[in-house]
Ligand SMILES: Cc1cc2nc3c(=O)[nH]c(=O)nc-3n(C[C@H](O)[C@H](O)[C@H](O)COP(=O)(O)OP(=O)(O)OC[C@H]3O[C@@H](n4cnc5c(N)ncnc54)[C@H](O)[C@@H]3O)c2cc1C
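One chain is shown next in structure tokens, namely the form predicted alone.
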């Protein structure tokens, strides 16, 4: 008898969690992702601000396949899913049938219709986003070095929209990059005097899910890093050299980092099922799709209700990872002729880093932690969650070097000519391979 075929769409925390739980199950697994790497999203801001490298926040998915004999990987773009015929349609590949399907495609940035955001804002949700922002920052500093007059045009004003963990962490990291590294790189520029980091949050508080005292601590910690925090300030329009606030005020800037929200992956539209709250797909208590017991939806694309509190679970890596593992267990139950079980989320706490020696931790219940202890806890947890031993080792070295010296050695940026040459060579080789 042929083993059931489990197809997993997406190599994020949820997809990999499901795959790993099915390691010893009597199934055949196909994992599909348009990238050949898993992205550790919580550290993307460190890639963007020159603290870590791409190979430290990304891990080759194919290497993960070495650990699991019953799984294989295809790097391909998912075009649509035919739920009635149980088939996944891919770009430039034959359709793949499934017996069980795990939809864990994640999310994409949500600009909420803000004029100019698509063209000029820098989101920070994918590896590509982080690399683009990193390149932009490095090239902008070089441009100001060549033409200091750009300072009066706002080139050293770095604006961030969104007061959640991504926005707060990016603001702190940018401040440390500018005031601990860039001012030494460019001693002829008045970086410490002229550079500004401005964090805009449309709501009345930073870090909405956290307790009030942690929100206040985070705001004070940012202000100690010379970050200007502007609450109840929205951005209505973004242009190449300035932004317009909801109040009508214009702020000169060449850099607007967008950390204000995400929406479900567009694949959700092709499923022809109910979507709510930014396109997310509501799921049953066992994380299956309504009326489709063989289809499970997890990660940022899913709208999951906590069975213990009856509250919606946030779009966090910890939720995705636990949900993915639960789906793997439920599929194994179905294969063995058993009933699925509802998902119960275990809250292990939430944390955010603000800067060197400053972080906040909100533990289950009423426990909280701030300062150096919270920062060390943040470092330890994130290090433990990295996928590979090599990644952990190199990250320890880089974090340690940064802690001891305040230096960041990841500031190499290719020129446009070098990038074009690399892309052209890669495309030529791909074309030749397809023609053979």
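Remember, predicted model here, so these are calculated numbers, not experimental data. Residue numbers count along the first chain shown, from 1.
In what follows, reference is made to the form predicted in complex with the named molecule, a form of this protein that is not presented.
Peer 1: So, a 4.5 angstroms cut-off on heavy atom distances: do all three of 22, 81 and 340 pass it with respect to the named molecule in the predicted complex?
Peer 2: The answer is no: none of the three residues contacts the partner (heavy atom, 4.5 Å cut-off).
Peer 1: Exactly one residue in 105, 174, 243, 331 has a non-hydrogen atom within 4.5 Å of the named molecule in the predicted complex; which is it?
Peer 2: Exactly one listed residue reaches within 4.5 Å, namely 105.
Peer 1: Looking at 265, 219, 325, 254, which has any heavy atom no more than 4.5 Å from the named molecule in the predicted complex?
Peer 2: Checked against the cut-off, the match is 265.
Peer 1: So which of 203 to 211, 156 to 164, 245 to 253, 291 to 299 is the stretch with heavy atoms within 4.5 Å of the named molecule in the predicted complex?
Peer 2: Of the options, only 291 to 299 has residues within 4.5 Å of the partner.
Peer 1: How about residue 316: is it within 4.5 Å of the named molecule in the predicted complex, going by heavy atoms?
Peer 2: Residue 316 belongs to the contact set for the named molecule.
Peer 1: Evaluate residue 41 for contact with the named molecule in the predicted complex, applying a 4.5 angstroms cut-off between non-hydrogen atoms, and reply yes or no.
Peer 2: Residue 41: contacts the named molecule in the predicted complex.
Peer 1: Looking at the partner-bound form in the predicted complex, is residue 320 within 4.5 Å of the named molecule by any heavy atom?
Peer 2: Within the cut-off, so yes.
Peer 1: Counting only non-hydrogen atoms and a 4.5 angstroms cut-off, does residue 76 reach the named molecule in the predicted complex?
Peer 2: Yes.
Peer 1: With the named molecule taken in the predicted complex, which residues across 9 to 37 come within 4.5 angstroms through any non-hydrogen atom?
Peer 2: In sequence order, 10, 11, 12, 13, 14, 15, 32, 33, 34, 35 come within 4.5 Å of the partner.
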